[in-house]
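Taking the form predicted alone, here's one chain by itself in structure tokens.
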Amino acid sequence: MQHQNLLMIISNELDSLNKSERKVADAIMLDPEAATHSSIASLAIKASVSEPSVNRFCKRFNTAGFPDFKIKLAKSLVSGVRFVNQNVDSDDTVEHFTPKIFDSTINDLSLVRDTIDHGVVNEVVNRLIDAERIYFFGLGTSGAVARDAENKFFRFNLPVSFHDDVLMMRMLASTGRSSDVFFVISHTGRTKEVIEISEIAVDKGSTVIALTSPGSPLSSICSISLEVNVPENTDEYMAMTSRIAHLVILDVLATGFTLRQGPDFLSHLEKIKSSLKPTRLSKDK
């Protein structure tokens, strides 16, 4: 089993905790480092709960008790990820909101790293390798991610294109073949046009891969769903960490694709990279 950051796990479970458990969680999240040095009695006082409540809380998260919980909590902090459970405030200065953005992004990327399904990643790489043509679809912020995907995958000696126009996406999906792969990117997985277009491609027998949130409507209709759990509410805020997480996932897939081709393929990539040398000034200028 992959190691998962305990602070991230607690954060994901906050809404399902009862009143006493939530008090313990809040006390820990307020100062995780202090909690690793705390006694069960002092943490109980800080959370305004009983010691048995603290112990039950610890066991809920698959630990033997409070001492074991503190060890796992310390390991989470040692990983170098500082947990941040706060949004940018309207009166934040640049000194405040800059580290908040960095910390929340690092935290979310670590969550994706620890929870991503490697089996699904492997299957997606297989489908991409077998494809005769790959279409990357995305709207809005996801359209920019789709463009980046085209920039990576065009290097792999197969027809690749990105599209962020709904009408073009619909027409391409309607002419899809079984050898085509439609890679659809949507953080929410709830955009009506994207879902309808994906359904068209599925009906045509094409492979449709979704890069989306767990349990989304888009995820349920696609051939393969690469689900990425990024706790970002893009209904109210502009996309930040979800976009970056999707870009990293594409880096993972491109790396997997390259490694599967073997050493002989590297010479092809070198030709592409060498073609750019005449366009760049030397570093000593």
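Throughout, we count residues from 1 along the sequence that is shown. For the two forms, the rigid core is made up of the largest set of C-alpha atoms that agree within 1.5 Å on superposition. Remember, predicted model here, so these are calculated numbers, not experimental data.
Keep in mind that the form predicted together with the DNA is missing from the display, and what follows is about it.
- Checking N229, S220, S39, T258 for any heavy atom within 4.5 Å of the DNA in the model of the complex turns up a single hit: S39.
- Annotated contacts: N18, E21 and P52 all touch the DNA in the model of the complex [non-hydrogen atom within 4.5 angstroms].
- Judged by heavy atoms within 4.5 Å of the DNA in the model of the complex, the contact stretch among the candidates 52-60, 250-258, 25-33, 212-220 is 52-60.
- Although the partner is absent here, I244 lies well away from the DNA in the model of the complex, with no heavy atom inside 4.5 Å.
- Shown alone here, K46 lies farther than 4.5 Å from the DNA in the model of the complex, counting heavy atoms only.
- The DNA is not drawn, but in the model of the complex it has a heavy atom within 4.5 Å of A64.
- Shown in the overlay between this form and the one not shown, fitted on the rigid core, is a CA shift at I71 of 2 Å or greater.
- Core-superposed comparison between this form and the one not shown: the C-alpha position of S16 differs by no less than 2 Å.
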